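Take a look at this one chain, the form predicted alone, written out in structure tokens.
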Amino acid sequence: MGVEDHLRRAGLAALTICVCAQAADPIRERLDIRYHRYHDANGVDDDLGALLFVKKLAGGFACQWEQTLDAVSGASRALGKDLRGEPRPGDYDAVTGASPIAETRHASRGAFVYAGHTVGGSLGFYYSREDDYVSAGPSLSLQREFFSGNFTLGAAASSNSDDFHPLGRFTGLGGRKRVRSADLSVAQSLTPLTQASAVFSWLAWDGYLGHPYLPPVAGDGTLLEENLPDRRRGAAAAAQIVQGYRLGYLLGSLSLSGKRYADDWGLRSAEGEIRWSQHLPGETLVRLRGRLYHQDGAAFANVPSADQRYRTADVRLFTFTSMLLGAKLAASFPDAWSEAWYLPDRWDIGYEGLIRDTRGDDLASIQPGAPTNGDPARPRLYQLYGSDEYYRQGTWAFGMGFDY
């Protein structure tokens, strides 16, 4: 998981908790069904289905269950061999062994949630399994409102134990790791239509932190084994301001946010995001989003050699800049539908496209023993698209919701 993902799961999660704590009734009984379709420049597809169920209990408590199922194609990095280590000419990419075989991931997240007059919190547990990876761990969040709900203080923590057991020719590599995070968040209502929030996060990784399916390639084309430190510590800070407005009786908002991250591997990142939301007649909502992200790579993210202590080909640890643009449309179904429990009450559809300034590699230059085309200093990042192209990905999302 990259730094962008960790910031989203840790820092933004705490920020969202802090903002939602100020809602009059943050718990709503519902069943949401979602589908995501992802495709990137490497020809990898990901079909994800998700289900979220929320049921109120007595005394301000509720239970929440989220279930996801991923089916990923072309994700295996087996260097021209299948998951049993046998050659499969024609079906696999000659360099990375990107496989047409679908790999699946099952993930479950359950939580008990409490929403009192001024105090809220949740206690949850996460579990996911795929062919070569298992992750599980608890999470806890608390928040408290002060000054008639104008100020909210929140805290969150999680601890996951992961077991990575690579397959095929990489059997015996991998190992266990522990991922922990702690967050402190604050939110302040400045005016009835203006709110400012901030979150501070600490993240820790211990154990096996590598990705053996992406072995580094030396400048002369020699394949090397990845080697990374077994300890990583990072910290992040995020801030957001939301300005609401009214167009007649219709509400809208403009949100600006920024994040900074740094860790003891030397990786530094900065991110800025803008979101615009506008309610329209008929309970319709339009939302636009833009995000710019830049990171400076880890100290050892370079063209490796056999005598280096640490070496990697994981693009998430190298320097890059990315830009994301997205749009979402949400609306309600006819009011008459709400009378039937089996008909959905609302729907939404959205798309997000991302481009990253990582160019593709000339495949001939990263095969063992091949020439480097006069550029031995260029990192070999196993990008399968053309060397004159940038990395791109896109995700369609569609959801329906049932309110009870």
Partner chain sequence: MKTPVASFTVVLAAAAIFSTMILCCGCAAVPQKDREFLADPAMRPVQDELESSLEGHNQPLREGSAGGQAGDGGGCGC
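All values derive from a computational prediction rather than experimental measurement. Numbering follows the first chain given and starts at 1.
What comes next is about the form predicted together with its partner chain, which is not displayed.
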property: Contact residue in the predicted bound form, chosen from L123, A155, L173, A198 - any heavy atom within 4.5 Å of its partner chain; result: A198
property: Listed residue (S139, S135, N302, Q308) with a non-hydrogen atom within 4.5 angstroms of its partner chain in the predicted bound form; result: S135
property: Contact test in the predicted bound form: R144 vs its partner chain, heavy atoms, 4.5 Å; result: no
property: Partner proximity in the predicted bound form: T118 to its partner chain, non-hydrogen atom cutoff 4.5 Å; result: no
property: Partner contact for S332 in the predicted bound form: its partner chain, 4.5 angstroms, heavy atom; result: no
property: Contact test in the predicted bound form: L343 vs its partner chain, heavy atoms, 4.5 Å; result: no
property: Residues within 4.5 Å of its partner chain in the predicted bound form, restricted to 198-215 and counted by heavy atom; result: A198, F200, L203, W205, H211, Y213
